[in-house]
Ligand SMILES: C[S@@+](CC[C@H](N)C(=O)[O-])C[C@H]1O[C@@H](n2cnc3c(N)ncnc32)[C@H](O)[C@@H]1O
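The chain that follows stands alone, in the form predicted alone, written as C-alpha cells.
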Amino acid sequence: MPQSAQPNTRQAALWNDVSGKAWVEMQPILDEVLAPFERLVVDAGSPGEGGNVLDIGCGAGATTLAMARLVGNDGRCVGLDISQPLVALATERTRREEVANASFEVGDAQAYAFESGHFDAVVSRFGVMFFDDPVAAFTNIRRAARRGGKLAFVAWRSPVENDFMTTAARAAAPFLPPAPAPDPDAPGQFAFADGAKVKRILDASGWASIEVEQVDVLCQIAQDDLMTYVTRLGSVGAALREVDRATAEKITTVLPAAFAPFMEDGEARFNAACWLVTALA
C-alpha cells in the first residue's frame, strides 16, 4: 500500500522520536494498563473468523495481535502506525509470538493509499485522536473498508473525567512556566473528548449507524511502575526532558504525594473514562 502526501508532520516527528521511543521502552507497562480497552475494541470490532482487519495507530501491536488470533488463520490483521520505532517493535513481537496472520506497516491513515473496500473491519485503541484533519482521515479510512464493514475504536473523554491522567501535570505546574490553554480542536490525547463532535466527524466522513457509548473502565498500575509511567510520558515526561536538574528534582519529589489518593494495596487504581465508538461503512 503506497502512501501519498504527508500531513500530520508534527505528530510524525513526535512519534518517530521521543514519544515513540518512550512507548517502545514502556511497552510491557502500557500493554498491561491498556489491556481492558484492547478487549473492548476486539469484541466490538471483530468481523468473525476469516475477516480482514485494519488497526489504526496500532502502536506496539497488542490489539493487532489479539484481533489476528481472533480471526484465525483464514483472516488477516494489518497494523498501521506513523511511528517507525513502534512498528519495528510490533513486527518483532509478531515473529516472537508466532502470529503469522498479522503484519505491520509504517504510515499515516489520513493519507495512506489503501486498497479500496479491502477490510471487513477497522479498529483502534486510542490511535485516532491525532489527525490534523479528522474528517479527511476518517473519509480515507472508510474507503479502506468494504461496504457495511465495521468501525470500532476507543478514545478518551474529557480531562476532567480522567483526573488520574492530569494529576502529574497539575503537580508539576508550580515549577514550570504557565502553559497555554489547550485547544480542544488540536490533535492530542483529549481531542475527542466531546462525543457529539466525534459523531459529527464520522457523519461528515460518510460513516453510518454511528454509536458513541460512554464507557468507564477500572485500570491499575503497579506502584513500582507508576513513577516511570508518569515521568516518561505525557506533558510531564516532555517537560522533564527540557528542564534543569534542580527543577526536575522538585517535580519528581512532589509526584508520589500527588498520586497517593489513587494508591491501594501496592498499585494505583483509577477510573478511565472513554468513548466506545462504532459505525458502519
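On a predicted model such as this, the values are computed, not experimentally measured, just so you know. A residue's number is simply how far along the shown sequence it sits, counting from 1.
Beyond what is shown, the protein has a form predicted together with this ligand; the following relates to that form.
Within 4.5 Å of some heavy atom of this ligand in the model of the complex lies at least one heavy atom of W23. Not displayed here, this ligand is kept clear of I221 by more than 4.5 Å at the level of heavy atoms in the model of the complex. Contact annotation for G149: none of its heavy atoms lies within 4.5 Å of this ligand in the model of the complex. Proximity of G57 to this ligand in the model of the complex falls within the 4.5 Å heavy atom cutoff. With this ligand left out of view, the stretch that reaches within 4.5 Å of it through heavy atoms in the model of the complex is, among 159-167, 104-112, 70-78, 178-186, 104-112. When this ligand is considered in the model of the complex, only one residue from F119, F130, F138, F192 comes within 4.5 Å through any heavy atom, namely F130.
Proximity to this ligand in the model of the complex, defined as a heavy atom within 4.5 Å, singles out one entry of L226, V212, L34, A66, which is L34.
For the partner-free chain shown, nothing in 262-281 comes within 4.5 angstroms of this ligand in the model of the complex, judged by any non-hydrogen atom.
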